[in-house]
Every structure is written in structure tokens, then in C-alpha cells.
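The data below hold one chain only, encoded as C-alpha cells and taken in the form predicted alone.
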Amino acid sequence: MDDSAKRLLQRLMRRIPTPTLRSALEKWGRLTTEQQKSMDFTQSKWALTERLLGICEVNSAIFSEIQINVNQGMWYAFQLMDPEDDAKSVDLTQFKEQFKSHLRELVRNVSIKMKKHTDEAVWIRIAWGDTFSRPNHLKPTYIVHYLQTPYVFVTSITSKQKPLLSQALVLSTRYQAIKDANLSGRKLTAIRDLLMKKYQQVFPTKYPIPPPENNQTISNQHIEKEQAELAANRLQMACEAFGGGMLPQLQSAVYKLETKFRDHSNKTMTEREEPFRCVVKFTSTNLLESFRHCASSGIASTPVTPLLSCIPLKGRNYFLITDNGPGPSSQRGQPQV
């Protein structure tokens, strides 16, 4: 370990309360079972810190490569735009060298660590500094980029850091621009699977799903058959809209409304030149599963409204709803997303 990593580890050990130190080291996951057992938590914090520093020296552990819990914090998705001819030929070595080079040209004091995982994702940890201060390892930015794809996922970044990171990513990946994908969530795997279509998609079929067989005595077979067919059709349409099987655990969706207020009984609001503005937010532990259940059970009408089905279709969970018209400020026509 270098001196900066040692100092960082010592600072973090001082911040962690002694009663929670054991669980914090278990979550860290850098110590073997035997090494954890060798830690005597009845000792002083100073003695425990020295013991941990010794273990890290033995393991040649690099503290700055510790991964954060991927389900903590808010992750934001971005999409690289307009690839150059050689964009798909950029390999890991080229990406590492060029990303570090470009970012260090923009930021004088910055610490950059990269690691490629088994799922082909490149994890980047950036500790930011500036002209007069060293990199702050306590507030790093994490970036996950899948090589050969235009998708980038970022957490813990400020408005000041965002353009610097964007420029370094564009130059090192051979793209010409990067845009906000309007997709965010606390579960990295959820927004990744939604954006990259890594879930079971169900496509429209001419024939509805056959109803399950029922061996019980049916008093009225015609009514029972009709109800089963309706239920099967609802399930088919719900799966076509949101997917089948296990769905990405998206936790929220936001709709920002900027449309003309339409109510003939309220002339004051209807005759306003300014658009009517409001925000609607849906939240759930698994929003897509909730929507699918509402549609398949008959709680919500089918076919599913495009306002909801466009979440998996477009890979977004933030939408601005405006009116159709010749310009961006027009209030004529039907609302559009």
C-alpha cells in the first residue's frame, strides 16, 4: 500500500464506530475468514488499525479499488452519441490510457482507478481534486461503462465534475457526444437491464395465451371460458407492454406535464397563455411488476397506455409531456411524451 492509501484507511477507521467495525469489515469483503477471525475487536481502535494495515500489506490490497454497494446512492444513465468509424475497435488498454490522459489534462489533481469485471463492465473510481487540493477519496465518483456499447452509468457526481467526465468519456471512446438517457435509479442492475434490454421481452402474437386447464366442475362453461380468455388476453397485453418473467427492479418514474389546461368550465385556467405545469411520480419497490400486475388483473385497463408502456420501450423513467405543435412552446394538439 502507498502512503496515501494508508492515510485514507486510517481516516476511515477513525470514522467508523467501534461497535460497527466488525460488520463494516465483513461488508468490505477484502479479508479472508481467517483474517477476520484474527482481528481482536476488544483491542483499541489504534491497535485494530495497525493490524488491518498489516493484513492489507500482506494481501497487497489497494484500498482505492474497493467497490461501493451498487444499490446505494442514485445511479444515472447516459448514452454516447455519433460513434466514429473506429469506435467499436477500442479495447480496454486503449480506453484506460486515453481516459486517464484526457481527464488529467482537464483536472490537475485527480486519482483514477479502473477494473474490468467478469460481465465486461469497466468500473472507474475517480477521486476529484483541484488546483489547490488533493483528491478527496471520501467522496469519489463511480462510473460503469460497458465497452462496445454506448451506455455509461454514473453515481455521485456534481454539476461541476459532469462536463469534465463527459469530455473524457467522449474522447476516449471515439464518440462525438454524450447525452442524458433520462433514466435513473438506486439499483444499478435495474437501470442497466432496462436500458440494455436484459430481460424477457414478450412480443405481440395473433393468438392469445391459452387459459389454464381446470379439472373442477364448471357450472357454466361458456362464462368460465370467456372469463379465462379475457384474463389470458390481459396477461398477454401486460407482458407485451412490460416484459415477462423477472423484471428490472425500477423504483420510480416521473412525468413532468407542460400542456394546455383544458376545462370549459374554468375559463381562467383555459385561457392562460402559459402552459399548465405539474409533476406526477410513481414509486414502488418494483414499478414495472406493479404496472404489469395492475394490467393483467384488470385493475388498469388494457391495452396499456403508451404513457406507461414507454418506460421499458424507450428505456427511460423521466418524461416531459408537452402538446403537439409547430414549435416547442406550442399548446395546440394532443399531449406527447
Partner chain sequence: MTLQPPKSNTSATTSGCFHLKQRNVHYSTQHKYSQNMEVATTKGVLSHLSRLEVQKRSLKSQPQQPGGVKALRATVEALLTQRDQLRAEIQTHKNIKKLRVSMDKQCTNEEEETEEGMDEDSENSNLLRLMARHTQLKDLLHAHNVVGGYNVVKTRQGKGVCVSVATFYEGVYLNTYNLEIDVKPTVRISRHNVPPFIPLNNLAEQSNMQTDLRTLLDPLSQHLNAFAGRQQQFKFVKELHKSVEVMESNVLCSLLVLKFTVPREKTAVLCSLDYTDCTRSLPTRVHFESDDEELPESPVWKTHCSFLMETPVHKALKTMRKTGNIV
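Numbering follows the first chain given and starts at 1. Please read all numbers here as calculations on a predicted model, not as lab measurements.
Only in words, not in the display: the form predicted in complex with its partner chain, which the text now covers.
Contact annotation for residue 146: at least one heavy atom lies within 4.5 Å of its partner chain in the predicted bound form. Using a 4.5 Å cutoff between non-hydrogen atoms, residue 135 does not count as a contact of its partner chain in the predicted bound form. Proximity of residue 204 to its partner chain in the predicted bound form falls within the 4.5 Å heavy atom cutoff.
When its partner chain is considered in the predicted bound form, residue 120 lines it closely, a heavy atom lying within 4.5 Å. Judged by heavy atoms within 4.5 Å of its partner chain in the predicted bound form, the contact stretch among the candidates 92 to 100, 262 to 270, 127 to 135, 176 to 184 is 92 to 100.
Site annotation in the predicted bound form: the residue of 235, 110, 152, 195 reaching within 4.5 Å of its partner chain with a heavy atom is 195. Taking a 4.5 Å heavy atom cutoff to its partner chain in the predicted bound form, the contact residue among 162, 256, 104, 116 is 116.
The putative spot formed by 88, 240 and 313 is fully lined by its partner chain in the predicted bound form; each residue has a non-hydrogen atom within 4.5 angstroms of it.
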